[in-house]
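Just one chain is shown here, as structure tokens, and it is the form predicted on its own.
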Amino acid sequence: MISVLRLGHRIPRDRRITTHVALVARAFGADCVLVSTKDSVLERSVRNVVEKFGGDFHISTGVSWRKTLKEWQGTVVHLTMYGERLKDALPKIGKKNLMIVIGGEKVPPEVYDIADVNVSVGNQPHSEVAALAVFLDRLLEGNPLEREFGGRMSIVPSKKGKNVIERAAELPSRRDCLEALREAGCDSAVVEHCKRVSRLAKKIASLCGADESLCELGGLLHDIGRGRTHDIDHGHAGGQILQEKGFPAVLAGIVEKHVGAGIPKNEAKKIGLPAKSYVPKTLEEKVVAHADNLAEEGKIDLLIDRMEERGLPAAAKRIRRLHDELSEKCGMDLDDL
């Protein structure tokens, strides 16, 4: 996990440069950006990019920087003009559980004391965006720049002009998906359920502006992991199956995060899943997850009651929030579909 903590964000003065901080963090290999000032507009802008271009990047704003730094279980690196030279500091810094702190106009002196390493990315005035880009590029040796993000859109480098690929054109056919379900060992009941979720997901997508093809195929494949297990980890198993079969990463992400309204990182660790967030982030991931919820019980209140009876109040709240969010986007209560 590589996180970036942005300090000193001022609304609206710094919104553009902090957006660039987030985009650089995503493109150059970080997993998330945390911003000390609450800014829902900034969050929405960054999430829109992630929804369109893919990846598993997260943004949170309004975080307590002191609490975040003091509770961080890993290395804290502060980028500044006044620290050690970059080339001298890099050998001391690992690539796991790394928190990179970048400030704005003025950084509290406390940050210098909390940081495990204060790193000078050059000793001349320049942008914190540039400092972050140079640091991540040196740390990760440029590898993230060759990464495939699996988004709906991708840009192919070309000498002249714009070469943009719509990922939907590369998606498998419905026949391919049905064949994959059967090859994975899914029985007829699972296949019929997947068809029902697929139809519902496509209908919701048409109402809220999500990618209908992605939602249709994601719904069709969402329970492919049940060919291996019917436990709560079937979403993770399904994502692995699709990766093994060479299906697009965007579909594997939808399948992996479809359970309920997602499984947060702390809960994933408790049930033995790899320690990462399985909460749907893109609109398509949310649509398929909730189509599965609605297809299972028909009415959201019935599902929420069942979750609470099973002693899962946090999961019930997440499902309710997801239902309300998508209902608002669709302009109708999805119970009425």
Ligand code: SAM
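For clarity, every value in this text was computed on a predicted model and none was experimentally measured. A residue's number is simply how far along the shown sequence it sits, counting from 1.
This protein has a second form, the form predicted together with this ligand, left out of what is shown; the following refers to that one.
Note on the interface: of 182-190, 218-226, 257-265, 121-129, the segment with non-hydrogen atoms within 4.5 angstroms of this ligand in the predicted bound form is 121-129.
Although the partner is absent here, Y112 sits close enough that one of its heavy atoms falls within 4.5 Å of this ligand in the predicted bound form. For G103, a non-hydrogen atom is located within 4.5 Å of this ligand in the predicted bound form, even though that partner is not displayed. Using a 4.5 angstroms limit between non-hydrogen atoms, L79 touches this ligand in the predicted bound form. Although the partner is absent here, A249 lies well away from this ligand in the predicted bound form, with no heavy atom inside 4.5 Å.
Checked against this ligand in the predicted bound form, the residues L140, V107, V117, A133 give one hit for a heavy atom within 4.5 Å, which is V107. Counting a residue when any of its non-hydrogen atoms is within 4.5 Å of this ligand in the predicted bound form, there are no hits in 202-228.
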